[in-house]
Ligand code: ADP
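Below sits a lone chain in structure tokens, taken as the form predicted on its own.
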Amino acid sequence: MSSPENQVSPLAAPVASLWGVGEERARLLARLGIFTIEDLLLHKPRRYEDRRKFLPIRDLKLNEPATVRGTIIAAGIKRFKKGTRAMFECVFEDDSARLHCRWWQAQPWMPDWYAVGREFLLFGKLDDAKKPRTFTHPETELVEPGDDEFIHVNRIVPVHPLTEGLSARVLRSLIWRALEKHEAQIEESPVGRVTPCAPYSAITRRRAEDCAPYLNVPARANAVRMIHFPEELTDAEIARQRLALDEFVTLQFQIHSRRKKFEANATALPCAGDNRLMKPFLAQLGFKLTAAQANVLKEIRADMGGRHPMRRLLQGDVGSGKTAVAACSALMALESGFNVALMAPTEILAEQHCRNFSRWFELLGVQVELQTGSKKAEGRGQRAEAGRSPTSLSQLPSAIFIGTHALLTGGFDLPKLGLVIIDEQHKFGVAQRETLVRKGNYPHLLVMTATPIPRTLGLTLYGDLDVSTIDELPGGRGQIKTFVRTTEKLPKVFEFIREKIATGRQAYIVYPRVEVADTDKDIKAVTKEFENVQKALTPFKAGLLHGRIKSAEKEKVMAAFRANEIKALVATSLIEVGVDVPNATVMLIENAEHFGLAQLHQLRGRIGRGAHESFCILVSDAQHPEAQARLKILEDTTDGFKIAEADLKLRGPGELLGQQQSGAMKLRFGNLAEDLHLVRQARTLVGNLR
């Protein structure tokens, strides 16, 4: 007989073990990611309907979603003379008025299902204020008198995500049935085992906003019932918070375990340095580090001289001076006799870093080498690829290698790798980060981002990293003003750009595409617009830059722009990182609605790097409220941290992070845009438990 520890939970049983779930229904549930009883119980409703009192049809208001209950008095298919298009329409009636419901693309089963005399619940909103009152494509649910009315009507009813062939009524009944049979088998989580759980009846009398994150929470089993069948609408949010807290606690356990395992296996390389390179570097830098930069360097030095290898995230707004901090960190490792690798996502950014570090380190005698897809590191990098032994390489003076993904190639190896720096870390997946780190023996790791990390993501996705923040910008920078304009204002915008160029300044003009198909006629492409820009800025010279141009040509264009020979750089978002031309003070972005909020902020960060006042002009004709809201945020603030939080709320973590970063963040109940308090409580709770 197996021990209790080895027994499988009844909730892990296949969903087909539940009465009413045959082979076909199990297949439909699988489409929703429901394979076990537990999956079914944790299938979160997408909304709720208060069916204790329905709205009379006569009281329906334009554009206000509502649920009504009515009986079909007429139904049929309307066909049109041209083509095969058909519409199914039926008329519902209650004691107050009639409601027409229409479905385009009529299906063969509809006349039988929507038969005269049948009673339905209908959820939708009026198409317009004219009579007859009409719902188009409403959600419907058949009412069968005496058939589980305590589940489907006369209560607050959950409406779950569905799939074709599976009705809301059937899915709701299955969840009710699963609760009746398995609720007592829902095991308590660590949250419930170490904190007081209030009885269900007491919880339901509280408001959701009064629900303390992990004090007097409902028991997990109660929360599962409350999320599906709440007594009041506030119960659903209380239950969601409890179940979300469980998810965040599980996530924090994983983060803590990963960090603990790493620290148990890894011994830090001594890379704190002795200041023999740092002091002359700071003396010739040309500017004084800000207090925020100095504080971050203290944290980094403590890490690089500590017992465990540094794993630190450095975040700061655009232009906050992260590169200077990275250079100082590199010098610590170099002073200690170790090599440094710096990886950037694009050749332009890698080349920019190479120029800066070469200029900074030339007088210090530090070798700076570049390794990209088109350029192999001269000297040491070539010798490494040519097969020189690690022993001979280790005898060479320490150096810094700067590159792109080319640093990850199997033929490029570095002995005595003491520090790995990854810039714009959100452009890389976790696996790529680890590939570079594995080229050494547990080197220190510093990852940097100019896109500030929203606090919930900092405590979850990057929870195994210590976080340093540069929350201060260097002095002497010009103010950036941002304006949103429509396409009809473009002539005046180009006139303004010509005026600024005439005073000696330069400009960026950005488009969302390199080329566009005929189907995207409203989206402008940089290759097509380049000639128009040249004409609009005559007599000033413009240059073209995008990802399909060969590396040598890109470098030539960028060199001409930095030398002020090219007055306007017409480009794609390729320039969002790695371009630092203080004389450029104007940024024009057309079709601005096609860029993400953080990306627009990054692009805007290319200006405002000198002492002159700068101007960012976002051109968009978008009418969608979300697009307008994004652009309004950019117009109102230049604070990257506020923008990051707003971006998370507008787009959600999946779209914001991309598949590489967000794959492990599959949460049923947690909301990374809203649940910072729960994430913090989970982190504290796990710390106390461990």
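Each residue number is its position in the shown sequence, starting from 1. From a predicted model like this one, the values you see are computed outputs, not experimental measurements.
There is another form of the same protein, the form predicted in complex with the named molecule; it is not shown, and what comes next is about it.
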- Note on the structure: the named molecule in the predicted complex has a heavy atom of only one listed residue within 4.5 Å, and of Pro474, Pro190, Pro512, Gly305 that residue is Pro474
- Item | the named molecule: the contacting residue among Trp104, Phe262, Phe287, Phe483 in the predicted complex [heavy atom, 4.5 Å] | Phe287
- Glu351 near the named molecule in the predicted complex, any heavy atom under 4.5 Å? no
- Ser320: heavy atom within 4.5 Å of the named molecule in the predicted complex? yes
- Given that the partner is absent here, does Thr250 sit within 4.5 Å of the named molecule in the predicted complex, heavy atoms only? no
- the named molecule contact at His256 in the predicted complex, heavy atom, 4.5 Å: no
- Interface stretch in the predicted complex with the named molecule - options 287-295, 170-178, 112-120, 593-601, non-hydrogen atom within 4.5 Å: 287-295
- Select from 591-626 the residues with a non-hydrogen atom within 4.5 Å of the named molecule in the predicted complex and write them out in sequence order. Arg609
